[in-house]
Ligand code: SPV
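Next up: a single chain in structure tokens, the form predicted on its own.
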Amino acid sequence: MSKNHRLREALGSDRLIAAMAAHNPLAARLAEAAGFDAIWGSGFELSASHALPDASILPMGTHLEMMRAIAARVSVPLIADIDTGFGNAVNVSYVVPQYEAAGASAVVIEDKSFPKDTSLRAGGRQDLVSIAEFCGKVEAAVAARIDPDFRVIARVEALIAGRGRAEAIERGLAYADAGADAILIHSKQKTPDEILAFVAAWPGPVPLVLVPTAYPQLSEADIAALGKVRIVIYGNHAIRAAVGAMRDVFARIRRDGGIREVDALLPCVDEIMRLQGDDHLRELESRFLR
């Protein structure tokens, strides 16, 4: 069963799957090894790894090539975060086949204007395009896919923009009618009340996707019990974990004036080489190098 088909079946089932964000193949492999069902190809994390804001600054090619690299190194589906689609509906028509060819099993497109501002930024510029314009993007994405199992997920930012639940539902229903296979509903409230109210009121024919970054008290068991959500995405935890760990280790080395104390706390070099696929390299050498 292909990755695309597995993701399609999961969205059509009654179970919840969990996707972990990744900004490089190593993070993706660690997420897969930890038991996550899918990888979230995060634009935020990739921007952060380049020390740049998540504001449509990195070019599409940088993100696309990272998605290609991630997809090649994991066996679970990759959900690619393509922000606003890198342009209008015509751009989306060209973009989607490239992500599909790169090995993604789905794309998520959000209904903000270009250039976007990251959703959780305090006081951020959260301008939305019209419903009609975004429906054109969804229709273009659906028409452009080659494999019918490839999923198009529409991300509704009405709650982020302070537009309220009624508009969020109106937008979600319109995007589902345009062909979206799922609706990602996002909120920056510090409690899950806004999201829970949306999920309870959602009358749409397609499942929902949640990203509980702002309301971490909502567990997977809580989300599964809602009955309408099929994917939970942990949207920035890989880069946050990496930053925290590197900051701590770097500070310890400067404090100690060397690596003697910190070295025992770190994964050994052999473990890193294993994650790099060193065993496979040795097998190739034994078979082919003469």
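Counting begins at 1, following the sequence as shown. If you're wondering where the values come from, they're calculated on a predicted model, not measured in any experiment.
Only in words, not in the display: the form predicted together with ligand SPV, which the text now covers.
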property: In the model of the complex, H186 touching ligand SPV (heavy atom, 4.5 Å); result: yes
property: Any non-hydrogen atom of R155 within 4.5 angstroms of ligand SPV in the model of the complex; result: yes
property: Touches ligand SPV in the model of the complex: L120 (any heavy atom, 4.5 Å); result: yes
property: Exercise: F36 in contact with ligand SPV in the model of the complex, heavy atom 4.5 Å; result: no
property: In the model of the complex, segment of 66 to 74, 36 to 44, 240 to 248, 260 to 268 with a heavy atom within 4.5 Å of ligand SPV; result: 36 to 44
property: Full three-residue contact with ligand SPV in the model of the complex, heavy atom 4.5 Å, for G85, D111 and E139; result: no
property: Residues of 232 to 267 having any heavy atom within 4.5 Å of ligand SPV in the model of the complex, listed in sequence order; result: G235
